[in-house]
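A single chain comes next, written as structure tokens; it is the form predicted on its own.
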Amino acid sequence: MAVITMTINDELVSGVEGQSLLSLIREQGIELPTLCHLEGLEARGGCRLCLVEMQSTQRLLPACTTTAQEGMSIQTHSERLVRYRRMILELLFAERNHVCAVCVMNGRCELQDEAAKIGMDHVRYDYLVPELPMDATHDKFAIDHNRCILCTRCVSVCDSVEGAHTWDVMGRGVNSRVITDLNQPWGSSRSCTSCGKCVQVCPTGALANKGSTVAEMVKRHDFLQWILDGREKKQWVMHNGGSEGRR
């Protein structure tokens, strides 16, 4: 692939043609926040935390879905971008009922981490306080819609990695919700394989193992790249039950 040269935060850097801006930025050791993006899943530009400024346009661009091009000049942490990121995080906290003190992911939550990094100590917007349900009908897992930020990682991993497409999104705007099997209780889903991939990629306490108590849940994302690498190298075979295993 051809090598490209561009400027990031007034520093000249080189990358590979076709590479995403987010990938190139992180290669330079620059920390750019994301909540919907996860290596191994298709980029969708949903959370907008990875927005960057490009010199040639006033429009802010999501780094995860923008391809790096020759001659680009971008800024990643301008005053405007930091202000926008804080606003986005505050709106996420205001939209649903994120009570960190009683959450299974307290201390390990990606939403909580990003808020702390940016110095968010209060929310300027009115809390919507919607009455959202929990679904604990599954034998192993539960979903609390109050803590969901609609990143759709669960939808993506279930579709593109597990191949079940149990999860989807229903509704519009603030009324959107992730659902299983055309809005059936999770426990009655006929497509769910109970693999737990959706739980592990969820950035908050929205999806959790049943029985986990406050600050007890630990999620790991490294399994995703491990599976994808194995598939690429053809290390996996399908057993009679339909699950993957090493040769």
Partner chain sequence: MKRSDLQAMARRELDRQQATRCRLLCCASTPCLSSGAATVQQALEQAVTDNKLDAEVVVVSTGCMGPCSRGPMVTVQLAGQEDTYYENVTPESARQIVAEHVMANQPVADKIMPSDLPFFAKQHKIVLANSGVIDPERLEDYVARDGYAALAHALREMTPEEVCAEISKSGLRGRGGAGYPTGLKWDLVRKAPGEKKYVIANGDEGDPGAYMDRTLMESDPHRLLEGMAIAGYAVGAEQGFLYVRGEYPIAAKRLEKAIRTAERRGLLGSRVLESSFSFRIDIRIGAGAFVCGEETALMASIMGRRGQPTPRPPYPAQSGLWECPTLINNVETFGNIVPIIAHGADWFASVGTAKSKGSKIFALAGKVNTTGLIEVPMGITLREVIDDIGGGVADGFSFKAAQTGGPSGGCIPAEHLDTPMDYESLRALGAIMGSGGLIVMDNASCMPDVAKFFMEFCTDESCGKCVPCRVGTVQMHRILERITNGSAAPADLQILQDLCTMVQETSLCGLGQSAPNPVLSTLRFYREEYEAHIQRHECPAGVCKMTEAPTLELVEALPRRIRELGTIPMSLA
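Numbering follows the first chain given and starts at 1. This structure is a prediction, so every number in the text was calculated from the model and none was measured.
Although it is not shown, the form predicted in complex with its partner chain is what the next lines describe.
**Student:** Check 48, 84 and 150: does every one of them have a heavy atom within 4.5 Å of its partner chain in the predicted bound form?
**Tutor:** So, yes: the whole triplet contacts its partner chain.
**Student:** From the list 71, 119, 133, 173, which entry has a heavy atom within 4.5 Å of its partner chain in the predicted bound form?
**Tutor:** Contact residue from the list: 173.
**Student:** Its partner chain isn't shown here, but in the predicted bound form which of 28, 65, 191, 194 has a heavy atom within 4.5 Å of it?
**Tutor:** Selected option: 65.
**Student:** Spell out, yes or no, whether the shortest heavy atom distance between residue 88 and its partner chain in the predicted bound form is within 4.5 Å.
**Tutor:** Result yes; residue 88 sits at the interface with its partner chain in the predicted bound form.
**Student:** Evaluate residue 92 for contact with its partner chain in the predicted bound form, applying a 4.5 angstroms cut-off between non-hydrogen atoms, and reply yes or no.
**Tutor:** Yes, contact at 4.5 Å.
**Student:** Within 4.5 Å, heavy atoms only: does residue 60 come near its partner chain in the predicted bound form?
**Tutor:** Heavy-atom contact with its partner chain at 4.5 Å: present for residue 60.
**Student:** Could you tell me if residue 126 has a non-hydrogen atom within 4.5 Å of its partner chain in the predicted bound form?
**Tutor:** Residue 126: yes, in contact with its partner chain in the predicted bound form.
**Student:** Exactly one stretch in 218-226, 181-189, 194-202, 38-46 has heavy atoms within 4.5 Å of its partner chain in the predicted bound form; which is it?
**Tutor:** Going by heavy atoms within 4.5 Å, the stretch is 38-46.
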